[in-house]
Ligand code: GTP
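Here we start with a single chain on its own, the form predicted alone, put down as structure tokens.
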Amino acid sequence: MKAVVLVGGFGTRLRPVTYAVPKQLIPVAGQPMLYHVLDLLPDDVEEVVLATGYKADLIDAYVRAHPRRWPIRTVAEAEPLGTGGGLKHVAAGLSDPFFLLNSDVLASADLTEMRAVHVARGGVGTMALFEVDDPQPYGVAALGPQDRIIGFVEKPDPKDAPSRWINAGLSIWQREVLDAIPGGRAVSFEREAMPGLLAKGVYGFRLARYWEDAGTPERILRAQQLLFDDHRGGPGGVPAGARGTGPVATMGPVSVGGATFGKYVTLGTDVTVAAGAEVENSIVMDGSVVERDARVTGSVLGPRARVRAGHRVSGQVLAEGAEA
């Protein structure tokens, strides 16, 4: 069985960090968000195909340098093709059925169980669903008996939402759905292909624990908290020579002697947090420096960013090489 991961999008809501780094490679709870998505896949998946677009070369280089338990192949788009067009672009050689995952969804999900449900129900597709208070920003499913999806509405007005169960960006499909996607142009799978597939049997698979669309700074930090609380951010604690509560996940050598860390922090490689400095609920990417007595909270620091001595950074996103 194979899996397709959609790795397109420009990460506009995470700028200015994403001017230099594709959002899928932003570290969250100790590893790139892309790898948290891959970790959901069953061990018996034989190949992962990344449908890449923006900064495809950086993603390809990273997965080559950091292999996982499945072979990973990248297929780059020359121009944005949307969710359906991106899938069609990598269709050659896909298994029947295949997994289809969004690369910025951080969740608790048992995809082995979802596959078993898909096989048992015998439809053309099974989509993970998550219940939210406000479904307006998402694709929303209307559910019938056995959680069969009988309607699907993209980004409905609140009064028109058929439920609060949204498309969670994790699904499994039979190969025949590829026939419903026009080739050679940008296609929204949800808007153009889904309506015609419902009559063939598309079912929901309800997720119960947590789910986050990590597309904004606030959501990426919320996702990091969820992952740490689920023990998916390493052993916890704080690095040697530092103090505080943690958990802190480090992705390589760091210099943190005398620094203090609160909850939920990821430190990239070659990060320096000087004595007297404090960091909490933040992501500090490779080569960044937090100088003496500075404080960083609720922020994302891009590669080689610098927070000057005594300064306070709260709720900010700093670009690569920026200074605050």
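Being a predicted model, the structure only gives us computed values, none of them experimental. We number the residues from 1 along the sequence you see.
Another form exists, predicted in complex with guanosine-5'-triphosphate; not displayed. Remarks below refer to it.
If we take heavy atoms and a 4.5 Å cut-off, which stretch out of 172 to 180, 120 to 128, 78 to 86, 235 to 243 is in contact with guanosine-5'-triphosphate in the predicted complex? Looking at the other structure, the answer is 78 to 86.
Does the 4.5 Å heavy atom contact test between Ala3 and guanosine-5'-triphosphate in the predicted complex come out positive? Contact with guanosine-5'-triphosphate, no.
Contact between Ile283 and guanosine-5'-triphosphate in the predicted complex at 4.5 Å, heavy atoms? Judged by the heavy-atom cut-off of 4.5 Å, Ile283 is well away from guanosine-5'-triphosphate in the predicted complex.
Is the gap between Arg312 and guanosine-5'-triphosphate in the predicted complex 4.5 Å or less for some heavy atom pair? So Arg312 does not count as contacting guanosine-5'-triphosphate.
At the 4.5 Å heavy atom threshold, is Gly9 in contact with guanosine-5'-triphosphate in the predicted complex? Looking in the predicted complex, residue contacts with guanosine-5'-triphosphate include Gly9, since a heavy atom lies within 4.5 Å.
Would you say all of Arg13, Lys23 and Ala51 touch guanosine-5'-triphosphate in the predicted complex, counting a heavy atom within 4.5 Å as a touch? Yes: Arg13, Lys23 and Ala51 each sit within 4.5 Å of guanosine-5'-triphosphate in the predicted complex.
Taking guanosine-5'-triphosphate in the predicted complex, which residues along 103 to 129 bring a heavy atom to within 4.5 Å of it? If the 4.5 Å heavy-atom criterion is applied to guanosine-5'-triphosphate in the predicted complex, 103 to 129 yields Ser103, Asp104.
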